[in-house]
Each structure stands twice: as structure tokens, then as C-alpha cells.
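In C-alpha cells, one chain follows: the form predicted on its own.
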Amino acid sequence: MSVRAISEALFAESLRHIPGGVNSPVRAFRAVGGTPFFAHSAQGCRITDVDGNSYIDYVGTWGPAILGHAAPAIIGAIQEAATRGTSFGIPNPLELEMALAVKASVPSVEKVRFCNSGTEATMSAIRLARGFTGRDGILKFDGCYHGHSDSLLVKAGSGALTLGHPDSAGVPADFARHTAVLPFNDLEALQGLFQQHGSKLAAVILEVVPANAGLYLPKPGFLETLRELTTASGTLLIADEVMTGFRLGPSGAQEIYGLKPDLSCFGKIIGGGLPVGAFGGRADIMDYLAPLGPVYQAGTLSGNPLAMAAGLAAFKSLQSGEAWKQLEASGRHLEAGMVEVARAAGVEVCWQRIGSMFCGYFCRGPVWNLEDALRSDRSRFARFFHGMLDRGVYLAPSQFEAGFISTAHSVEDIEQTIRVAREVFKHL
């Protein structure tokens, strides 16, 4: 009998009732083969499946679990908030408290609005940019994933890329034609596009650190030039920090790279693991939103008190700054160990990392954009993934997703992961 027999039975039943058996595509393990395990519980850096198997988890619910699973501060905040009600549909004080916390952390944000997901945040930011500028055009970068709204599912990353369908059926051609796509880190292409079409672009949206085609970093000068070009053309610059916001530091990736965007999008950590999203930026732009302005955006559960309470608990736990120092040290430890064991086994791996986010590509590095990422040996990655999983280490089930470390990962957890990788690399 399989060590994941109950998970396999649940997945077989789910296939009868849920499209693909999952409620988000990458969970289906299509990129690596096999069937997904079903979670029973999680605590700290470990997740336990319904068959009783325990794994060191480097997915962390795709980023929000920066303090680990079921962090006492977050669970306590949710429980306390729930005693007062789970949803009001009218303002509650936690919304204001969270808004002040975001503003205090991110200097580029003068006003902020909360919603229910990263997709809602980016979709709303795009609509706001179009309403504010009176323009229709959008520029994004290939491999960057900004949620599944129609305007942004053009050469997207994350699950769309994992399944081999960077574009989605159901997106009208009239929508897609307003979205231009360039390679990330290509200054020549960027300058050429702005020379021809800069005056038609409402916004440029980018992941400051693209983490939906694995993980790659901006080259020196790329972000600076992008900011100069957008400012000169009256185009708004939207930083998608749904993943990187408050994970890479108190002000996210924009602080690390000295970028001041016009709008920023957030999610994940600001909900403490509950559904959440937010977008914010310059006050004159944000005031174009209803009820003050002509751009409509709304949500029954926006500013949900449970999500706000959980997010505030996460913020407060991170405030001292020690957490980010620990995350950097853990990331550096894992990187050094993985590079060493891969080299010892004669396996070519390009390990890319910033803070507590990482990705290992099975190709010669460095990786600067989607074209580079696609050189990775995905069949070798699949064998690596299953080798690690079978030995109790859970990585993202796709070559094109980033991994996440939490403050709950101890030195011993990192060391165990490296020991497991040493054994797996021997068989690749």
C-alpha cells in the first residue's frame, strides 16, 4: 500500500467533483507527475498529511507563513477577533490600524485599500491606472504573474507557465491587445518600446523580484531606467509585491532596490495566512477610487476583521527586525549547503536566492529572465522534487515557483534538508 494511500483516494474522489481535483492549478502536481498529498495539519515549519507523513515545508502556503504554520500570535489574534464577529460589511477599527501599519512600513504608500486577494489587488491597480491616466495600454514582463484577471494573463508565470499555457483561453483578443510584453531585464527592448508607445501606456506592472517563473533578480540599472522612462512618459509604475512585500524586509523589495513606485500591490503576509490583498500608493491616484472618484472597486469581505487581525499579529511579530536577520541567515545557510551538495554530486544547479526566497534551476546560470529559466531541465527537477518529498522535504511542485523559508525553520531543519538533498542528488 502506498504511504500516501488516503491522499490518493481523496484525490481520485476530488477529480469527480472539482476541476482537476484542485482549487488552484499548481497543486495538482501536473508539472512533476504523481498525485498531490492532502494536508491534515501544520505546525511551525512542518506540514502533516492525512496519511500521517510529516514534511519540512518550503512552500509555506505560497509565502504567507513567514512565522511558520499556526503561529501562536496569529492563531490567538484570529480567535480573539472571531469572538466579536467574522464579518461586518461596515468599517471596523482593524482596517484603519492595518492601513497605518502598511503606510508606516512603505514610504511610497500614502493611501491604501484592502481587498481579498493578490489578483484583486493587481486587477484593481490596473483599472485605477487606466482611469487616472485616461490611457488603455499596459506593459508587463514575460514570466511575471500578476493574478488571473484578463488583462494580465498574457505570457504569465506561476501556474499558467507550469501547465504550459502562458496565455489563457477565455481572454478576449481585444483585452490582450492592450497588454504589451517584454523580456525582464532587457533595457534595449524597454527603451525601444517607450520611444514608440510610451505616451499610450497607462501603467507598467512588474514583480520587482520576479518569483513566478522560479526566481530571478533585476540587473543593475534596469529598475532605475524603468522609473525614469515611466516618469518621463506619464506612465504609472505598479510594483507587484504580493510575494515580496514584508518578506524581504519592512518595506519589501522596493526598499532593497531603491524604487519608488506610484502604486504597490500586497497580499499574503498582510493577512497572516487568511485571504487578503491590498493596493496603495500616491494619494492623488488613490483618490480616483469610488466613493471619491470615478473608478469603481468594491468587495463584501474587503478589510475582513479576521484577516486584518491575523495580518496585524504578523506585522507586530516582525517589527523588531530580528526576524528578517534570521531569515537571511537561514537562506544563506540553505543556499551554501545546496550548492555544495550539488557540486559534490556533479549536478549542475543554478541556485538563486534573495533573503528567505529561493529557487534552484537545473541549468547553467545565471538566470535573468524567462528565456533563461526555460533552459532548466524540468524532468530532472521532477525527479529531484519527488526524491525530496519521499524523504520528508516538501518543495514547490513546479520548477517555476519560488521556495520560502520561515522563522520556524531551525538550523537543524536546514541541516536535515541539506542531508536529504545530498542523498537525492546522488540519484539524479
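It should be emphasised that the depicted structure is a prediction, and the values quoted were computed from it without experimental measurement. Throughout, we count residues from 1 along the sequence that is shown.
The same protein has a further form, the form predicted together with a small molecule, not shown here; the description that follows concerns it.
Here the chain stands by itself, but in the predicted complex one stretch of 291 to 299, 239 to 247, 184 to 192, 336 to 344, 239 to 247, has heavy atoms within 4.5 Å of the small molecule. Looking at Thr119, you'd find a heavy atom of it within 4.5 angstroms of the small molecule in the predicted complex. Interface residue remark: Ile47 is not counted as part of the site for the small molecule in the predicted complex, having no heavy atom within 4.5 Å. Though the partner is left out of this view, Val26 does reach within 4.5 Å of the small molecule in the predicted complex, counting heavy atoms only.
Using a 4.5 angstroms limit between non-hydrogen atoms, Asp262 is distant from the small molecule in the predicted complex. Between the options Gly147, Gly281, Gly271, Gly252, the residue in contact with the small molecule in the predicted complex by a heavy atom within 4.5 angstroms is Gly147.
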